[in-house]
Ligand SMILES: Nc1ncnc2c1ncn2[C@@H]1O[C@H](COP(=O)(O)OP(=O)(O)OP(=O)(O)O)[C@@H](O)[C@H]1O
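Next up: a single chain in structure tokens, the form predicted alone.
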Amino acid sequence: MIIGLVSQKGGVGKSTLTRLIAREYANSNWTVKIADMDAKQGTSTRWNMLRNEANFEPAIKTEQYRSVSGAIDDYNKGEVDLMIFDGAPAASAATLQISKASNLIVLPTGISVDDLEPTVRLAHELVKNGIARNHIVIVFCRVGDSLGEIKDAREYIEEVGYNTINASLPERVAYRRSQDVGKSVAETTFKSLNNRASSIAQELIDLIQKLDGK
């Protein structure tokens, strides 16, 4: 299975969700590999180096790729159960290639208009190029505590014809500190924050199973 995380801009939680999904699947005994497509930042690659140095379990493979085709070639060797693309921001050609190869495309976004509008434009562009709408899901990240603001953002996304999940990821210091040492946002020292993060992964897992008819 392949999951693609893509965005039109940086700083919306793409790598955060990549690490979360990878950890949750790996924790269920899947062999998982993150394809880090951001050659400049290499955020997921550096994160996994920290994870390996600290011997955190479960283990997750990560590799930087210069091309989507190179990552797909490795995936087709059958050595991993799940490949997760951590796409580079605003890489339109690679973004489309990732999306065409993926069972599910996840678009992380903040809930401000500045974040929502480019997210919707990207979703429209993917659909225009043949990606099925029901294979695209938008996830709200780095949200505040205003339920009304989250509700408004969800209604906006649904009005333009795309799916969201119920769970959202708030902005918390504990999430940042967890990732700074090679952990995911489901591995903080706070059970309530871990549960909130894990609920995002579970909704995405349920959505994939629904799409696959399992």
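Please read all numbers here as calculations on a predicted model, not as lab measurements. A residue's number is simply how far along the shown sequence it sits, counting from 1.
Keep in mind that the form predicted in complex with this ligand is missing from the display, and what follows is about it.
Classify residue 52 as contacting or not contacting this ligand in the model of the complex by the rule of any non-hydrogen atom within 4.5 angstroms, answering yes or no.
No - in the model of the complex, heavy atoms of residue 52 and this ligand never come within 4.5 Å of each other.
Applying a 4.5 Å heavy atom distance criterion, does residue 149 contact this ligand in the model of the complex?
Looking in the model of the complex, residue contacts with this ligand do not include residue 149, since no heavy atom lies within 4.5 Å.
Is the gap between residue 154 and this ligand in the model of the complex 4.5 Å or less for some heavy atom pair?
Residue-level check for residue 154: no, no contact with this ligand.
Test of understanding: in the model of the complex, would residue 63 fall inside 4.5 Å of this ligand by heavy atoms?
Because no heavy atom of residue 63 falls inside 4.5 Å of this ligand in the model of the complex, the answer is no.
Which among 27-35, 63-71, 154-162, 167-175 is in contact with this ligand in the model of the complex, heavy atoms within 4.5 angstroms?
Stretch 167-175 is the one.
Check each residue of 14-34 against this ligand in the model of the complex and list those with a heavy atom within 4.5 Å, in sequence order.
Heavy-atom contacts within 4.5 Å come from 14, 15, 16, 19.
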